[in-house]
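Taking the form predicted alone, here's one chain by itself in structure tokens.
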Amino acid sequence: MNGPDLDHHLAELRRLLALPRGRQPGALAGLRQRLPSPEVEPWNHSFGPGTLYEAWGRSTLMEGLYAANARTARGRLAERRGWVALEVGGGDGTLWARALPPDARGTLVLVDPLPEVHRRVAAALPPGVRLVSRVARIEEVAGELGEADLAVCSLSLHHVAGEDAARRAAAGLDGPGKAEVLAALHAALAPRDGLLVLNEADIYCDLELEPHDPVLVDRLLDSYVRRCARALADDIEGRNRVAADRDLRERWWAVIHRWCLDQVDAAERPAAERDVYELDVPRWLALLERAGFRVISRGFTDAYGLFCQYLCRP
């Protein structure tokens, strides 16, 4: 993509964001029709240098999240000898590369369904940290987590549909929901007086919202376009003072296009087939309390009010 094209697309996005909320869905549909559709790698499946995921990790949104999580993890694990940390959804291992000093010693239990994630996280760990890989979704191994001093669930539990197993069953799904996963994390942390670090977007779009519901469309647009795409556009235009070359700016635009703008299509899918089931802050607080957690701190890790970090004790 050449510079003028990127500038033109950004200008169209800015015009969309300036419209009244009720006119934004129609404007978004028109914008997407006008955008070219280049072939890019599937989201969350490629993690190395030059990928969309790597570009996403360098955004202002993720820099703030990584920094907050790394401070918390570093401080928590420094207090414990022979520590055990648990991570649900590992990404490319950036958290641990930032949080752990070269002489760190402990065990990291990683739960993620993608083997590539386990390889990336292993490469990011200091030599004294042992990796225990559970190549599975958290719902599949929630009852087999063992004990931990720290658990990190960063932008991962919104992939678990339904607030609990009963709500999942009503939608034709089996297995545990968010409440049961949180209860399993509580059971893992309680014996060691551990700490849960949870990061999630402040938006509600769980199973109760049916396909094509205008409320669902508006909430997806609010999270992915009004906040996430806006933040990335600010990065591209240098408003956040992030150092970025042309390649990185183009990859940020690809994330806006293929993830933020296209994600609103989730509103058209059957509820059981969506890949995002977010909860807003009040619902996360209620669910954490239901699972037995005490929230000792919470706050947004970005200036856009998108990602909230919850620090919780059992």
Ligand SMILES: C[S@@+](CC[C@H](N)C(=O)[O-])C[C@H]1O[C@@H](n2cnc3c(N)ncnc32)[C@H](O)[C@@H]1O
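We number the residues from 1 along the sequence you see. Owing to the predicted nature of the structure, the values given are computational and were not obtained by experimental measurement.
Just so it is clear, the following notes concern the form predicted in complex with the named molecule, a form of the same protein that is not shown.
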Flag G175 as yes or no: does it have a non-hydrogen atom within 4.5 angstroms of any non-hydrogen atom of the named molecule in the predicted complex?
no
Might D149 be said to contact the named molecule in the predicted complex, defining contact as any heavy atom within 4.5 Å?
no
The named molecule contact at A78 in the predicted complex, heavy atom, 4.5 Å
no
Can D112 be called a contact residue for the named molecule in the predicted complex at 4.5 Å between heavy atoms?
yes
Given 150-158, 203-211, 186-194, 223-231, the stretch touching the named molecule in the predicted complex at heavy atoms within 4.5 Å is 150-158
Counting non-hydrogen atoms within 4.5 angstroms of the named molecule in the predicted complex, say which of V264, V255, L65, L279 makes the cut.
L65
Using a 4.5 Å heavy atom cut-off, which residue among R119, R74, R137, R219 comes into contact with the named molecule in the predicted complex?
R137
Go through 81-105 residue by residue and record those having a heavy atom within 4.5 Å of the named molecule in the predicted complex; state none if no residue qualifies.
E87, V88, G89, G90, G91
